[in-house]
Structure formats: C-alpha cells, structure tokens
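Coming up is one lone chain in structure tokens, specifically the form predicted on its own.
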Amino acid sequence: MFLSVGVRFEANVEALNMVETAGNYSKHRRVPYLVEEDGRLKTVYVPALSGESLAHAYQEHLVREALGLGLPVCDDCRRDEFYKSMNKVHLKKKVNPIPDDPRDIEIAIVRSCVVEDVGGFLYAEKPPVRRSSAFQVSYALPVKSVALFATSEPQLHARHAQMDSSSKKGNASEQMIYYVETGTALYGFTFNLDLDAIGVSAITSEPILDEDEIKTRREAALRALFRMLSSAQFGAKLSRFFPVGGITEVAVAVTEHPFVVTSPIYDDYIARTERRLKVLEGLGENYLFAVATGEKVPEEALKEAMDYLREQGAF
C-alpha cells in the first residue's frame, strides 16, 4: 500500500528554515522559483523549507511513536541524531563484529532501529550497504498563484544584559541587536510513504521481520505523520517564531501501488488528482481519496486514510 499526502499551510512570520548567519543576521532559506506573470515566465526568489528539514521533524516524531508502541530505536536516533549507521563507529553499536555480507548488515540494522528501517541509511564502509527511505518529502514552496506575495523580511530584536561598572569588562556590550529573517507565505508540500517497504529487505525484497512487527512499524510511521501535521511541530525557531496560521488543506490518496498526489502548489491539484485516480480505477486499482478543504479538518482526512488502511489489513 502507498500513501501520498498533499499539504497546504499558511505561515505568517515564520523562521522555520534558517540557513546562514552573517554577523548578527540570520537568513531564511530561499530558492529560485518559476512563476507566470502577464503570460510570461519569470524567476523570483521565495522563502522555502527544505525536504531535509521536514524529514528530520518526521523522524523525530517517528522516534516517539515507535517507543510508545514498544518498538526498537537505536541510541543515536533516540537522541534525534540521525547518523543512520553511516560508518563502523555507529554500526558497531548495533552489531559487533560487523558481518561481511551486506544482507546481514541490513538485517542487523533494520531489526535494531525503526527509524533506519523507515528512513533508510547508507553504510559507507566496506561492504557499502544502502537502504532507500520508505518515505519521501518535497520542499515546502509557496503556492504558485500567490507566490509573488510571499515575502522574507528581517525583524530587529535586541538582547540586554544588566552589568554594573565593576562587572563590565573590555568591550562587553550591555545590549546586542540582531536580525532574524522571517518568511510569510502559503506553502505546499508533498509527503509519500511506501508501507510495503517497511520491514522488507531492500536487497532481497524478502521480509526481515515477522508480520506483526511489520504492521506495528507501519502504524508507528502513520502515527508519526499524523502527529507532525496535527501538532505543526516541524521546522526551527518554534519557541519564538511559531508560525501564525496553520494547515488550510490536506489531500490524502491511498493506493495499492505507488501514486503521488498532484503537487499542492497548483490550485487545481485536488481535481487533477481525482481525475488521475479515476484512470487508475479504470485499470482495476482500488483507492481512497480523502480531502480536507472546507468544513472537514485535516485530522479527519488523515484518520479516514488510517481507518481505510486498517480495514485493508496494512496494520
């Protein structure tokens, strides 16, 4: 089973993905973006959130959901440090001595950690072993039709320190000003989850775990997505720049084989996704398509998809 989610969210005055600090100035991530104006294409630079940022947040939620269901998570991932068995130092924490056969290395890692099972890994020593992530996430980019209204603007802040003449040393300042570049936009991103890849070898395509544990890991993966979207706990600087706004639309497609919803950066993404799914139906593939755009809230659409997957025996 394959799940694909298109998400639109409004974020005003957010600092969700900062990329560089120059002196006292923190810059927001920006990307070149093609938009159409007066019938002509032009490139503009817009605020954005990287897929890496969203993936990190998802895996943090996956850690908590997996532990809550009694599933194994390695020590590195429990600390939200996703080294992913990148070398001998980290792999030996899971299996020592390290096997010579790549298949045995993959089995040892998958059995030891749900995050590396779902999120993939690259062991870059000899023999190298690569496991693709079962989930995919796009950049979050402004919706095309309103991209020209997306902005990034620095905000001035100041830190103060109370210092009397006896404690003031050298050039120590009692006040420091700094700038944080904040973004404002209606963003859209896509998240995909291949449930059939969880607990299954990327080398042999054979199950590594028993059926019950595979189903429990799938449930943890779905719960993590639900929690990430419902709580809006993704991105940086949430403590003082929690975005003003929230999720405005969600479209969830569940299919038997890989299928990706049309990107939510396009205004007609729901209608186009429905048309594409109808074609699949004509080819004999069953699906569920749940949408939250008006009275229905995002959590209802996500729960509808989870209930459908449970009925289908996915978990």
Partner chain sequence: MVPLTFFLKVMMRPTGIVALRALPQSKMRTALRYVPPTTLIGAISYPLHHLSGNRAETVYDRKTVKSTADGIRNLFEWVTIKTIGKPRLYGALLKINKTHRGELQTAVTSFPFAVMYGSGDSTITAVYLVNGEELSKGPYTMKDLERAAWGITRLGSRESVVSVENVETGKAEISEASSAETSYAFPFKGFEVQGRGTLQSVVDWRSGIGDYSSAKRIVMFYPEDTVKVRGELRTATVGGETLVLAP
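The model shown is predicted, which means the values in this text are computed figures rather than measured ones. Positions refer to the first chain, counted from 1.
Missing here is the form predicted in complex with the partner chain; even so, the following discussion is about that form.
For the three marked residues, 34, 137 and 260, a heavy atom of each sits within 4.5 Å of the partner chain in the predicted bound form.
This chain is displayed alone, yet in the predicted bound form one of 228, 214, 202, 71 has a heavy atom within 4.5 Å of the partner chain; that residue is 202.
A single residue from the set 93, 157, 78, 237 has any heavy atom within 4.5 angstroms of the partner chain in the predicted bound form; that residue is 93. Though the partner is left out of this view, residue 153 does not reach within 4.5 Å of the partner chain in the predicted bound form, counting heavy atoms only.
The closest non-hydrogen atom of residue 102 lies within 4.5 Å of the partner chain in the predicted bound form. Contact check for residue 308: no non-hydrogen atom falls within 4.5 Å of the partner chain in the predicted bound form.
The closest heavy atom approach of residue 61 to the partner chain in the predicted bound form falls outside 4.5 Å. Within 4.5 angstroms of the partner chain in the predicted bound form, the stretch 277 to 312 places a non-hydrogen atom from each of 279, 280, 283, 285, taken in sequence order.
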